[in-house]
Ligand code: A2P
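Just one chain is shown here, as structure tokens, and it is the form predicted alone.
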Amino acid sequence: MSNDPVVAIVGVTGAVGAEFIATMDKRNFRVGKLKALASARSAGQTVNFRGEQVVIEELTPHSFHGVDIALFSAGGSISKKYAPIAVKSGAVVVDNSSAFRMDPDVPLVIPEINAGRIRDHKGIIANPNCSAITALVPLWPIHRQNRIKRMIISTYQAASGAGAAAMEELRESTRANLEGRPFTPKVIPLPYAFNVFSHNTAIDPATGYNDEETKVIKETRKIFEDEKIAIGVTCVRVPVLRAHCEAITFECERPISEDEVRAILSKAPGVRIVDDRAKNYFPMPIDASGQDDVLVGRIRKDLSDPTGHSIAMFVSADQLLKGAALNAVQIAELLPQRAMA
């Protein structure tokens, strides 16, 4: 792979696709040529990349000739169909969907945690679920020093997790609600404005857990390479445009203090502590939006655990950046085939 690879973005017109472009530009990711790929209805339109208008091409089986790196964010069915084609054409795929995450032959990577797994790829590297990334970036450095044996996570997930169309529906439904007009949802099947509801993925009738919750459980165990971690998750959609929040309580094998957690996280990559008790100022999606780091605050003892093994905290991260595009670009930067200048 040359210093200036040919990079294809699959799903370039989506919310994450736009962030792929912005993130590569911001991080000075070297690109010899950009191929912008989307559905037939977007073909012929253009996207701006570093001052040039790149014509969007229709995604076809022939789209990957000469491509070195393919960044996918177009849904699981598209990834399952086209990622193997891209690999066969010689590209390395970084996939943002859930299509390959639990495939034992596909590395599931958060660079701050398991960048070494990138070298194990056979053409495809999976980007984890956004909720998993948000929780695990700050949990990992703690886990390394004092193994986390149990965690309880409650998520407060923004519209950005469901894509650009869901973000626009939140805007439109809020406007209609304020004006007293009826609104029929098309993207999210439940009223979104001024409402909170269980994450809009399918519920497993046997367990009662939705798909988002199951992903967090399974992906955490794979990334941490620890099948014994006990994990409870409740995933909820909230009327916020972008940046997810999560309330996390974790139990370690040995006692752990607030000060220890702060000391660990103050040196952790990809983490910024926002924890001002005097001003009651803690992580918020309005502050996390547009930021690369996971914001961490409300660090405190879990008073329900008298043994001193447990800590509660609150985190927020931009779902479109660290939860998606940024994580994928970070993976691409570390590809062993890429000759870094």
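Start at 1 and count along the sequence shown; that's the residue number. Everything quoted here is computed from the prediction, not taken from an experiment.
Omitted from view is the form predicted together with the named molecule, to which the following refers.
Trainee: Considering non-hydrogen atoms and a 4.5 Å limit, does the named molecule approach I118 in the model of the complex?
Mentor: No, no contact at 4.5 Å.
Trainee: How about V12 - does it come within 4.5 Å of the named molecule in the model of the complex, if we only consider non-hydrogen atoms?
Mentor: Taking the distances in the model of the complex, the answer for V12 is yes, it comes within 4.5 Å of the named molecule.
Trainee: Contact between A86 and the named molecule in the model of the complex at 4.5 Å, heavy atoms?
Mentor: Close contact is absent here: in the model of the complex, A86 is far from the named molecule, nothing within 4.5 Å, heavy atoms only.
Trainee: My question is simply whether S73 lines the interface with the named molecule in the model of the complex - judged by any non-hydrogen atom within 4.5 Å.
Mentor: The answer is yes: S73 has a heavy atom within 4.5 Å of the named molecule.
Trainee: Using a 4.5 Å cut on heavy atoms, which of I78, V271, A99, V238 is close to the named molecule in the model of the complex?
Mentor: Of the listed residues, the single hit is I78.
Trainee: Among M313, I69, L59, L295, which has at least one heavy atom within 4.5 Å of the named molecule in the model of the complex?
Mentor: Going through each option in turn, the one that passes is L59.
Trainee: Even though the named molecule is not shown here, does it sit in the model of the complex so that A38, R41 and G163 each have a heavy atom within 4.5 Å?
Mentor: Looking in the model of the complex, the three residues A38, R41 and G163 all sit within 4.5 Å of the named molecule (heavy atoms).
Trainee: Taking the partner as it appears in the model of the complex, which of 304-312, 23-31, 276-284, 41-49 has residues with heavy atoms within 4.5 Å of the named molecule?
Mentor: Heavy atoms within 4.5 Å of the named molecule in the model of the complex occur in 41-49.
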